[in-house]
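Okay, so here's just one chain, in structure tokens, the form predicted on its own.
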């Protein structure tokens, strides 16, 4: 069974996702139980696979017995198994939150498991076309989940997300076509060898790089390709906002890193420095613009969305610098951001349900009405700023050190400036929570799931996220050891 773990991780949630639909003929309230059981099994399988990678190294699986490069290969190394474990743990946390927060329909949980399938597949595939298939599965499930909000704005946000997301996926697919035309293969490891043989200065290779990376930056939501993200995060149900903010752009950023390290390789970046500097420039613009837009927001959820635009710029910058310490920093910040941002959206959902506050001004004095959620929000916000000993500090510090080692001094300046901007918008919010006079005098029922009380499970999830935002620092040495399975990096 151990040798089939990679494919079981993909099959399990997709089979689980069909069960609530079938069960809908008898009951419409079984979806949560099926999704929870499926993700518990998914977590156990991810743990077994992580142990296998830790003890035996990289795991490769030929789907259907057709060996690479002709068949589809699933490849699990230290970076991909960290993402699979993240998908499992975050999914269980969101399910605990959704038990009371809803939505509760079977169709919602089928889409939830379909999204888990796409995210898992993107994390472990070793084939660039198969990555496109899982990218589309992820997108379709995410569009549906965003549209599950009760307000009309949710449907509009989902349509915008669909249009922009389809453009991104189409660009990526075009790039795959160019790579196939240049090399005749779709397997990532085989592509790495054949792209080098074709020549990194080949027009086909350069076009493939531009289109594939460009398509994924739309999915990551780097500025100015981020336009789908604020509306999607702000108008979806709070359960969905917590889930997609934690994982969708996270796994897309991972896919971008996989392209850089396993397909084009750092030798390509070394041979074509303009490609490296172009991607680094886009990441730096996203860091600054995302932070500046976050500072200017009055809606808390839109502020958190623009914060993601900036933070993913930071992650992409770390991967693009491509020194060992920068890649460790980008991976730590990728994982840490998933926990911190998912927790922030969940905490904002609780504050909204308890007090009706949705804006920066409305948060004034709300810590007294919902102390645990507000306290968790404050801890997560400070962790995102990079206050030690939180994981946000470790990730940013490693990326800065990597940039210094690479003599990328403009990037260092941008990273330090972004930390100040992040402090500006989160410190303003925390100050309002604890030190300002309330502007909302009466508790208000909340439209999005407002008929659902705030449960102990929901509170436990945001407190656990706040604890993890600090405790994950202790896992950094393990992440460094897992990343030793990656291909050699620049400037070792």
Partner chain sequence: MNELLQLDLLASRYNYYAVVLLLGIGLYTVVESPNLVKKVIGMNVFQTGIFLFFITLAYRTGGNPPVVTEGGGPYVSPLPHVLILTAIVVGVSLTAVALALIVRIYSEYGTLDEETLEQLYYD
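Computed from a prediction, not measured in an experiment: that's the story for all the values here. Positions refer to the first chain, counted from 1.
The form predicted together with its partner chain is left out here; the points below concern that form.
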So which of 166, 202, 299, 267 gets a non-hydrogen atom within 4.5 Å of its partner chain in the model of the complex? 166
Which residue, 192, 275, 162, 364, has a heavy atom that falls within 4.5 Å of its partner chain in the model of the complex? 162
Suppose contact means a heavy atom within 4.5 Å; in the model of the complex, does that hold for all of 237, 256 and 352 with its partner chain? no
Verify the contact flag for residue 231: yes if a non-hydrogen atom of it lies within 4.5 Å of a non-hydrogen atom of its partner chain in the model of the complex, no if not. yes
Determine whether any heavy atom of residue 292 comes within 4.5 Å of a heavy atom of its partner chain in the model of the complex, and answer yes or no. no
4.5 Å heavy atom contact, residue 129 and its partner chain in the model of the complex: yes
Its partner chain contact in the model of the complex: residue 108, any heavy atom under 4.5 Å: no
Taking the partner as it appears in the model of the complex, which of 150-158, 259-267, 89-97, 320-328 has residues with heavy atoms within 4.5 Å of its partner chain? 150-158
Across 54-82, the residues having a non-hydrogen atom within 4.5 Å of its partner chain in the model of the complex turn out to be none
